[in-house]
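Heads up, the chain below is alone and in the form predicted on its own; it's given as structure tokens.
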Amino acid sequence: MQLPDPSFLLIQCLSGLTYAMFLFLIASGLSLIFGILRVLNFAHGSFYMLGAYLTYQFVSYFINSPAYFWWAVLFASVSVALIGGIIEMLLLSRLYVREELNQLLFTYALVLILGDFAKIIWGTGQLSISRPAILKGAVQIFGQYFPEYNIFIILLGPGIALLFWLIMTHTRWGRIIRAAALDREMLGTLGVNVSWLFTVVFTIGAWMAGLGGALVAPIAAIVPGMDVEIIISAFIVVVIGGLGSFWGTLLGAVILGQVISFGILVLPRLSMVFIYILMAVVLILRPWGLLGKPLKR
């Protein structure tokens, strides 16, 4: 049996990293919301889908601008953040005192509502946009060509991870958010507006999902149902890395991206099986994830 070309394996690895960085953006927002609000947000994938659709919409508005793609990404991700903040403030905040099942049912209802909303506005056909002009080329790596846009995504993921780590560890807001994850009642007695904090955290999580959808738009088809597909992968990532663990989410995304990339290469028809086997092994050996901590109730 002839071994694959090392340069081909490198490109396959980079493709897995590209997918992993998209997963990290989605899953980190999901993990952040759970870590602070203790809400498993099934609608997080819907925010990702809205980010992709709104990017398509805003591209048509800014098409005559030299930086039309980046303006579209900015406006789409901010719009999704605002939608998420409004949903949390007006609806979800009323369910915090109720059982977790009510919260799960509410976020699942949002999946159905936002999915139908997208079909009404943009239809059921496939939509797509072109890559930004500055990143339309490809670079040669050991004789193989790899898109510049994918390299940008690979570098963007760790950059965002580092930025959030600095915010969480070196700013007052970061300390407040970490304190809320440990003891929200005590934080409230110290004079912090916990309700407002929850809204801000949910808005940030929605923004990260919207940003992931906006950035994936040039390299993936924008179609109804993309929200369900990505939320399943995002949940697997946070299960592997550890629900509520930021660096665990990054690790889980990288692992899952590589498993998918090389699973398709080895056994294309069974590539998804490897993902669930990996998740099952982690759940059996370390139910709280690779870098997570046991949840205290």
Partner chain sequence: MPRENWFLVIIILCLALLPMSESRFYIFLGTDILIMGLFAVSLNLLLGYTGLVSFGQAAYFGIGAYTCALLMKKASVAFPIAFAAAAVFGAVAALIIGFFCIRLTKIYFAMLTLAFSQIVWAIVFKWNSLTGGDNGLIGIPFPQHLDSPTRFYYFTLFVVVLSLFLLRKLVNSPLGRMLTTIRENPERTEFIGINVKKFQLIAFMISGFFSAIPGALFGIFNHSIFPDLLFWSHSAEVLIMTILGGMYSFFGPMVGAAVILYLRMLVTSYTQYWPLIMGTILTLLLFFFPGGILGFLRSQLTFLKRNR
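Residue numbers count along the first chain shown, from 1. So that the term is clear: the rigid core is the largest set of C-alpha atoms that superpose within 1.5 Å between two forms. Since this is a predicted model, take the numbers as computed values, not measurements.
The form predicted in complex with the partner chain is left out here; the points below concern that form.
4.5 Å heavy atom contact with the partner chain in the model of the complex for all of W70, R172 and W247:
So, no: the whole triplet misses the partner chain.
Quick check on Y108: any heavy atom within 4.5 Å of the partner chain in the model of the complex?
Yes, contact at 4.5 Å.
Quick one: does L91 come within 4.5 Å of the partner chain in the model of the complex, counting heavy atoms only?
Although the partner chain is absent here, L91 would touch it in the model of the complex, with heavy atoms inside 4.5 Å.
Check whether I255 has any heavy atom within 4.5 Å of a heavy atom of the partner chain in the model of the complex, and answer yes or no.
Flag for I255 set to no.
Please run the contact check for K136 against the partner chain in the model of the complex: heavy atoms, 4.5 angstroms, yes or no?
Contact check for K136: no, nothing within 4.5 Å of the partner chain in the model of the complex.
With the partner chain left out of view, which of V97, I120, A221, L163 would have a heavy atom within 4.5 Å of it in the model of the complex?
Contact with the partner chain in the model of the complex is made by I120 alone.
The unique member of N102, S195, S128, Q144 whose heavy atoms fall within 4.5 Å of the partner chain in the model of the complex
Answer to the contact question: N102.
Partner absent here, but in the model of the complex, which of 111-119, 146-154, 197-205, 73-81 has residues with a heavy atom within 4.5 Å of the partner chain?
Going by heavy atoms within 4.5 Å, the stretch is 111-119.
Those residues of 231-248 which, in the model of the complex, come within 4.5 Å of the partner chain by heavy atom:
Heavy-atom contacts within 4.5 Å come from I232, F235, I236, V239, L243.
Displaced residue check between the shown form and the other one: P268, CA, 2 Å or over, core reference:
Comparing the forms between the shown form and the other one, which are aligned on their rigid core, P268 does shift its C-alpha by 2 Å or more.
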